[in-house]
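Shown here is one chain on its own, the form predicted alone, set out as structure tokens.
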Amino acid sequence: MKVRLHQFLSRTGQFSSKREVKEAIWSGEVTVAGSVVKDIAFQFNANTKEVHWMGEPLHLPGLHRTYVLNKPSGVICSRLNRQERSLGKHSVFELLREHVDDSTYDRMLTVGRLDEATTGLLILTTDGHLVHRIASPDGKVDKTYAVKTDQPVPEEDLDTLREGLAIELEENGVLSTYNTAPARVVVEEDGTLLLTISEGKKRQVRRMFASLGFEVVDLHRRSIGGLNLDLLNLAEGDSVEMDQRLLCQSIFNES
């Protein structure tokens, strides 16, 4: 359903009066889908077009639903196909089924993916713009993983991770080499490695350690940007709905 631009802006709660809304539009401070719009009566679909005011994204309260999940091992980050169902696979979307209506459930997307065996912080939302903002390589949003390997990783190999290294990627059966950006690596007292990267190639963390001759035996995502799973006190498989503005404040450290 389409909405007029001035009505959309008024409903965001960011403006104190209709006059202020009109001035923002007429002065060229508002863009819709990346283009400046100065017509207050301009109509657009708020579900598919992103609106910015002076560079900041605006959203209607309640337009989208966003959840933070502590993903357990053994579930996949995609909708199940017939073969996966026959194999008894389970999807992260099923973990939200009782919390949302059918329409919301069908529109849910994961912000990036964790492989079946990986646990930890996963964001699910109906907002495709939020997915792009967090997951796009251009955004360079840090993701921190707790990594346990089959054997201790010597300091020289940790330095290689910090400098960046070549890993092998496979896409549609075609192998290619990818050079990772420098990572941050911290070793905790129990030997767990905290690896922070801003990229998100398929199975990248596992491939980084495999290129050094190590097998990752446990992989858990602790944080995305400034959003730390430990602070949410979620048991594995549990989720919490978050206000999108607060979520973005946490991730991007916005005021």
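We number the residues from 1 along the sequence you see. From a predicted model like this one, the values you see are computed outputs, not experimental measurements.
The same protein also has a form predicted together with a small molecule, omitted here; what follows describes it.
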- Task: Name the residue from R222, H52, R203, H64 that puts a heavy atom within 4.5 Å of the small molecule in the model of the complex.
- Result: R203
- Message: Just to confirm, with a 4.5 Å cut-off on non-hydrogen atoms, which of D159, E94, D115, D106 contacts the small molecule in the model of the complex?
- Response: D115
- Message: Looking at heavy atoms inside 4.5 Å, which stretch does the small molecule contact in the model of the complex, given the options 205-213, 225-233, 52-60, 31-39?
- Response: 205-213
